[in-house]
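Below, in structure tokens: the form predicted alone, a single chain.
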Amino acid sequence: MSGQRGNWFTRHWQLIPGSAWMILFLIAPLIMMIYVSFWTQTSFDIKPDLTTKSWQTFFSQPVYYSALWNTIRVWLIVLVGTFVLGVPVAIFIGLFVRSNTVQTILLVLAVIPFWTSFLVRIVAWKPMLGQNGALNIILMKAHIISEPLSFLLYTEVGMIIGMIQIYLVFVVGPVTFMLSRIDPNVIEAARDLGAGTGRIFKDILLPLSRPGLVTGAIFVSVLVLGEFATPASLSGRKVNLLGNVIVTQVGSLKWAFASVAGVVLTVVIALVIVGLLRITDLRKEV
């Protein structure tokens, strides 16, 4: 018996550090957050007396339903926007640029904004989107518009523009990596057999790049669903997401209600990740 235990420990001892990390920094905080969500919250105090009052408040107030819906809606818009803009860029870098050096340079250029602070990149959009900002000046000089656009800053439109630009690289990077692994001879053979661009994209590029698409979708989804800084800055606090609800409640020392919103947000993120992982098995494909 002792020999079997020794053999089990020998085979699985490498799992101990990773398991300990997961328990301490993932499972334990989640359990604590769920536990605190049932505490009794008063105006200026919180007691470890279990109650469902905070949960009832969350699911009975339209403002929190609205925050949940806004979070999901903005996530879908930003996810689609990053894919619409990011996939063509990834196709160009991964397929049409065959030099590894040039590919690296282009990817580094895409990552350059991350060399600055996240908050600095958000604030930098304000002079770009304002009525007297760079974007309006460019559009007017190009005679595309006759007067400045007023819906770009401190609106949901401005917030979404900022989010798409900030998270675009998380789609470009993984998709470019997967596309660069495709042998050009495969595409050439498909063309020789009469396959058009649409057929090549559907039957070759899309299946082979699916792991990169899923990875990019997971990165963008986790980051956007947990957003609070970009909405607060670029929407002028006109768009309320679950992340903003959590920040507001924590600032008001309402830990129980913040925990409720945190649990709901965690469940939404988990469902999204599980759904995306069902599209492809990343452990086998990457």
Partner chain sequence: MSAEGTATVAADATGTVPGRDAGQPLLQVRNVTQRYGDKVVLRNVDLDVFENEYVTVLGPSGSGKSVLLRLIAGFEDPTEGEIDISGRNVVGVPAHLRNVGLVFQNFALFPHLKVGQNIAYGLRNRAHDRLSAAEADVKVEEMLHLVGLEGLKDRRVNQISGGQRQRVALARTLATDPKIVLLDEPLGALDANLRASMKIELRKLQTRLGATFVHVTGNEEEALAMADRIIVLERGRIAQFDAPERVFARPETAQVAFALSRFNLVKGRVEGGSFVADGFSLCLAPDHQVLSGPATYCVGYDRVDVEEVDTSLAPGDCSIVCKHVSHEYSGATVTYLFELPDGQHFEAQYHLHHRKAKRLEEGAEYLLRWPMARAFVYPGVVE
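Residue numbers count along the first chain shown, from 1. Just so we're clear, the structure is a prediction, and the values are computed from it rather than from any experiment.
The same protein has a further form, the form predicted in complex with its partner chain, not shown here; the description that follows concerns it.
Only one of 202-210, 164-172, 139-147, 115-123 lies within 4.5 Å of its partner chain in the model of the complex by heavy atoms, and it is 202-210. In the model of the complex, its partner chain lies farther than 4.5 Å from every heavy atom of A134. Proximity of A190 to its partner chain in the model of the complex falls within the 4.5 Å heavy atom cutoff. The closest non-hydrogen atom of A195 lies within 4.5 Å of its partner chain in the model of the complex. Its partner chain is not shown here, and in the model of the complex it never comes within 4.5 Å of any heavy atom of T101.
Between the options V186, V111, L76, V89, the residue in contact with its partner chain in the model of the complex by a heavy atom within 4.5 angstroms is V186.
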